[in-house]
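Shown next as structure tokens: one chain only, the form predicted alone.
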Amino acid sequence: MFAVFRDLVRYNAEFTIGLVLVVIIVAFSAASFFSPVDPSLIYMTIPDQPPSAQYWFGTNSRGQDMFWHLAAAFKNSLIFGLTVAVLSRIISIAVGLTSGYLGGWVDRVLMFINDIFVSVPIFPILVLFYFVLRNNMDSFTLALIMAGFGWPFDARLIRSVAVGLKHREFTRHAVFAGMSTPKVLLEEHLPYVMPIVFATFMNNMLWSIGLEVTLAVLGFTNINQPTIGTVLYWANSHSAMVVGTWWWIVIPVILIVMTFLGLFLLAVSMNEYIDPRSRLRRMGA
């Protein structure tokens, strides 16, 4: 794993740029742990103060210091994205490896279920869940729901790799040695699909955070919890650009672009590393 990281940093400029951007955002989010006040409280400072030495990112119309409020918002959004990505990766790995290795009726049943989830329109379903759950729709509940819909595309991709691994010589040796099916999948096949898992992990974080931002801006989440989306929701509700508090919109948007660009570059770099020809071309071979 360290060798992969070293090669990506050494030969792939996009990976390095993406890594720097993500590290900056993560470090900024970690600052929320040292916040002098609860970021969710309102009217704790003078409202509508522009960026200054005292208030680095200014204050909003709700009397919140934007630096600490945004740090908490990005921390919550990153945790949300990580939760969705991890849970959906677990499902996609389990379904993809099992389907590709066992084949037969198990493969047909799992891929039938997979195709059903692929065809389901996610956004209307999430809006419906919001109206059903209403006050119980916190970030973790939303993450569980989104993880349940975020695995099918990647499960089919992992299955395609597992089908090829099933007929490899090392798999036959493992079976002849008496290894059980779960052990074959975890010890023999899982390492081969991990590059795909890492690449799709970044894409899934992008997808989940972007969808959370969309839902929050429209008011379909818990708007009192600081996230990237709820920051923009309250800025829009108070007509930030109209009344002149431009920093309430501009600074979050800049940080959002940095986050999305960083994750996108990491995902593209990992996708390129998976392809041997692209990897060798980067290395000058």
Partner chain sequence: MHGYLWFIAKRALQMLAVIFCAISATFLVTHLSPIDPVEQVLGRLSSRANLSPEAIASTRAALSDLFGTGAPLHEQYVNFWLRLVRGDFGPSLMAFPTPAMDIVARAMPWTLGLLVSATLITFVIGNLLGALAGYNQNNRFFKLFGIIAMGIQPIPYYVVAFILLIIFGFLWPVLPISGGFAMDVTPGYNWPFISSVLQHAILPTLSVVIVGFGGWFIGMRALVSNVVNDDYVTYAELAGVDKSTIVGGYVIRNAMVPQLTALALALGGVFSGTVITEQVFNYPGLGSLLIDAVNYGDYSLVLAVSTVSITAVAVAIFTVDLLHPLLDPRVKAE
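Residue numbers count along the first chain shown, from 1. Predicted model, so just to flag it, every value in this text is computed and none were measured.
Below, we turn to the form predicted together with its partner chain, even though it does not appear here.
Not displayed here, its partner chain is kept clear of Val109 by more than 4.5 Å at the level of heavy atoms in the predicted complex. Among residues of the shown chain, Asp115 is one whose heavy atoms approach its partner chain to within 4.5 Å in the predicted complex. Its partner chain in the predicted complex comes within 4.5 Å of no heavy atom belonging to Ser180. At least one heavy atom of Val268 is located within 4.5 Å of its partner chain in the predicted complex. You can rule out all but one of 157-165, 185-193, 119-127, 83-91: in the predicted complex, only 119-127 has residues with a heavy atom within 4.5 Å of its partner chain. Contacts of stretch 156-191 with its partner chain in the predicted complex, defined by any heavy atom lying within 4.5 Å, are made by none of its residues.
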